[in-house]
Ligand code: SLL
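Only one chain is included here, represented as structure tokens and corresponding to the form predicted on its own.
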Amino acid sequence: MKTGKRLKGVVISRPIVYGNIAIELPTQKSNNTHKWTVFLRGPNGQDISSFIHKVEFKLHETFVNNNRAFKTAPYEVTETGWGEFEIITKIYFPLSSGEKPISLYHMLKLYPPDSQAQTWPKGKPVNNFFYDELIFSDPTEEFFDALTKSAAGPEIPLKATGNHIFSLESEAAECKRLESAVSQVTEKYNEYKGRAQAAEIEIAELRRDIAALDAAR
């Protein structure tokens, strides 16, 4: 029988995907313009219920029963509306885990980016997905079993497919984009730093010239 004893030195993580998908309603009989679904799930559709006790989605206060709770999968809420707002997704773990709840925050997105709004195909969903990993240090024996119960094979596939939004390939591409951005920022920083140093030298020279003129009077 497993106990509440913690496994010292053990660190284990589990990947999750959260966010929302939205699609414009073809006919608008009210002020609502979109149908949307907010969710929490495994990256490749893995069963994450073995280590999750409950998931709560806090919606805008204008919704009836704006705090939706789910103790079984799928962890998702589907609604209709017209406005974007912040959604809080709170994850509760089994009591035997000894872990505190974790809250995730994201903006509900209904509309495509401004740069693509004019060319966005009619009926194409707007996907607003986020990848994250839940990290547990020194888990209890019982919780460790729950965390490893559904872990089989690689969590993230090599290449993205229709069912797999995230992949090692896209992760590597994102790392390259970040490296490029850091390189550009560093280049600009060094450029402005050089300008600032040159300006400081020029200011010092002007001060010496002014001091020399004052002394010659």
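Numbers for residues come from their place in the sequence shown, where the first is 1. All of these numbers come straight from a predicted model, not from anything done at the bench.
Another form exists, predicted in complex with this ligand; not displayed. Remarks below refer to it.
The candidate stretches are 96 to 104, 79 to 87, 141 to 149, 120 to 128, and the one lying within 4.5 Å of this ligand in the predicted bound form by heavy atoms is 79 to 87. By the criterion of a heavy atom within 4.5 Å, residue 62 is counted among the residues contacting this ligand in the predicted bound form. Of the heavy atoms in residue 32, some are within 4.5 Å of this ligand in the predicted bound form.
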